[in-house]
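Okay, so here's just one chain, in structure tokens, the form predicted on its own.
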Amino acid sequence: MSYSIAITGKGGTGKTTIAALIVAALTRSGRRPVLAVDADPNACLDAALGVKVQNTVGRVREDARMLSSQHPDVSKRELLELKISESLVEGEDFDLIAMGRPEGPGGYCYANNVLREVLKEISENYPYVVIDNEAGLENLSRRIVRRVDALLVVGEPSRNGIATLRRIQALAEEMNIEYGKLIVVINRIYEMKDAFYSLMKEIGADEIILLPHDDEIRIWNEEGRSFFSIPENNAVYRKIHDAIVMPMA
């Protein structure tokens, strides 16, 4: 059975960077293969992992729609399942699938239903699944995955950032999102403050992880470099490896 972790939070908090570092840390520690799911319409996880997405679920939905009219003997569901499987990008020790933007009328409704089943089948071949969500909890609320082992909520070290963390956690409860444990990550901290740890009690987090501001990470992002090339002694990478990856089942 796969161990799944979903990363969410407000836009601009570093969710994709953290997702890429988790994938890198998993594979480097021998926990592979990993299925990476880019569930953000503004897909950029591929660049952070050093690969290139050629097709997204949003696009293959339209491809399947056109093909179904050309091949009436094959169901649209079968075509969509085939196209989703073909859209997998193969990396070294990991594969990536991207949601992309919804194309045409109807949004993701139909594609989500199929993607849910396809992901369920595909993920059985991977011991670890890492899902980079769009800002908020939209993809989780659509039930693309029914349950995750760890829900990782990323926020900023500011009053507004912490207030956003509280809102997201409350929203997760309202949506009855199922998760094994809740991990709060406060990213880009210049100064460690004991007050951050009070968040665990305030929002009921199982764990809180503080990641320092890091110029090396900033440069990697600015230059669009793959996080598989980040040095293993990088402070943020080490924290993610030790606090998030190593405790995984």
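Quick note: we count residues from 1 along the sequence shown, nothing fancier. Not measured: the values here are computed from a predicted model.
A second form of this protein, the form predicted together with a small molecule, is not displayed here; the remarks below concern that form.
> Which one, 25-33, 210-218, 176-184, 49-57, holds residues whose non-hydrogen atoms are within 4.5 Å of the small molecule in the predicted complex?
Replying inline: Residues of 210-218 come within 4.5 Å of the partner.
>> At 4.5 Å between heavy atoms, is residue 236 in contact with the small molecule in the predicted complex?
In response: Residue 236: contacts the small molecule in the predicted complex.
> Heavy atoms within 4.5 Å of the small molecule in the predicted complex: does residue 241 have any?
Replying inline: Result no; residue 241 lies far from the small molecule in the predicted complex.
> Applying a 4.5 Å heavy atom distance criterion, does residue 12 contact the small molecule in the predicted complex?
Replying inline: Flag for residue 12 set to yes.
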